[in-house]
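Here we start with a single chain on its own, the form predicted alone, put down as structure tokens.
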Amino acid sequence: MNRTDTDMKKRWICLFVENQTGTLARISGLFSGKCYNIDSLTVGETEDPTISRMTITLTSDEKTFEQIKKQLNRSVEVIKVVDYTDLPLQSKELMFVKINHCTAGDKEEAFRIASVFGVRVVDCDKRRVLLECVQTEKKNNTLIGLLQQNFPNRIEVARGGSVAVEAITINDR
């Protein structure tokens, strides 16, 4: 059976792993060794300093995703694997966007866009503006598209991966 684009969908995994040197390399190596692509990966210490939490976003078909989860569960450093794909989530990613070579009018437009999108202007000088965005991946993508239209070939983007937690009442992907 051939895999089609309709079989592919965005998926989220949360891993609780031992907070040890080399754990991230071994987990990411598992993905690269099997030629699985990671869309985003974030990792940080939990309330227990011996445990880290990884949020991994990827696009795959169901069969490949099941293989990934099985391989992760077999990994010695992995304490728990949680599939967030079909659960209600709160998810955000950090993104910085620097707008270069700004005129006074460009800066006004950048501040207006920041206000509309609910992002912060965290730094600026006479010719540059730096925006800090903590939004969903979709909202950040929309913002990048708008900034590319308004400031062609003048933006720099630095994105972190999505951080996600199971939602209590409201889904925000």
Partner chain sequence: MSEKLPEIRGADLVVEALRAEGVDTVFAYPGGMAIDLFDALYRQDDIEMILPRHEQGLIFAADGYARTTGKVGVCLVTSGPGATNLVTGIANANYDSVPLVCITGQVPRSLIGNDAFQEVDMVGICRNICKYAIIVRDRKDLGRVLREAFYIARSGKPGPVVVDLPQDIQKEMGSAVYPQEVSIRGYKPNTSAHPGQVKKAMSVLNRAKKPVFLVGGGVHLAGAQKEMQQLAEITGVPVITTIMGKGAIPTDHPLYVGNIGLHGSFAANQAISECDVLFSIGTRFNDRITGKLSEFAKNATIIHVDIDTASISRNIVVDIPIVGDAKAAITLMLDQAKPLELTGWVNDIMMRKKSYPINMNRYEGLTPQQVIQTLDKLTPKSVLVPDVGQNQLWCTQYSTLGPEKRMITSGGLGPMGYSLPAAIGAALAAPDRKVISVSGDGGFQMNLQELATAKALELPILVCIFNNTHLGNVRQMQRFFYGERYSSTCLRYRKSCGRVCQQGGQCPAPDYLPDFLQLAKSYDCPAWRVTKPEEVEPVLTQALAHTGGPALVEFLVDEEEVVMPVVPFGKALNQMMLDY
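Positions refer to the first chain, counted from 1. On a predicted model such as this, the values are computed, not experimentally measured, just so you know.
Note that the form predicted together with the partner chain isn't included here; everything after this is about it.
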| query | finding |
| --- | --- |
| Which of 121-129, 50-58, 107-115, 143-151 lines the interface with the partner chain in the predicted complex (heavy atom within 4.5 Å) | 50-58 |
| Contact test, all of Ala25, Lys63 and Glu77, partner the partner chain in the predicted complex, heavy atom 4.5 Å | yes |
| Residue contact check: Gly29 to the partner chain in the predicted complex, 4.5 Å heavy atom | yes |
| Residue contact check: Glu156 to the partner chain in the predicted complex, 4.5 Å heavy atom | no |
| Contact label in the predicted complex: Asn37 to the partner chain, heavy atom within 4.5 Å | no |
| Gly33 within 4.5 Å of the partner chain in the predicted complex, heavy atoms | yes |
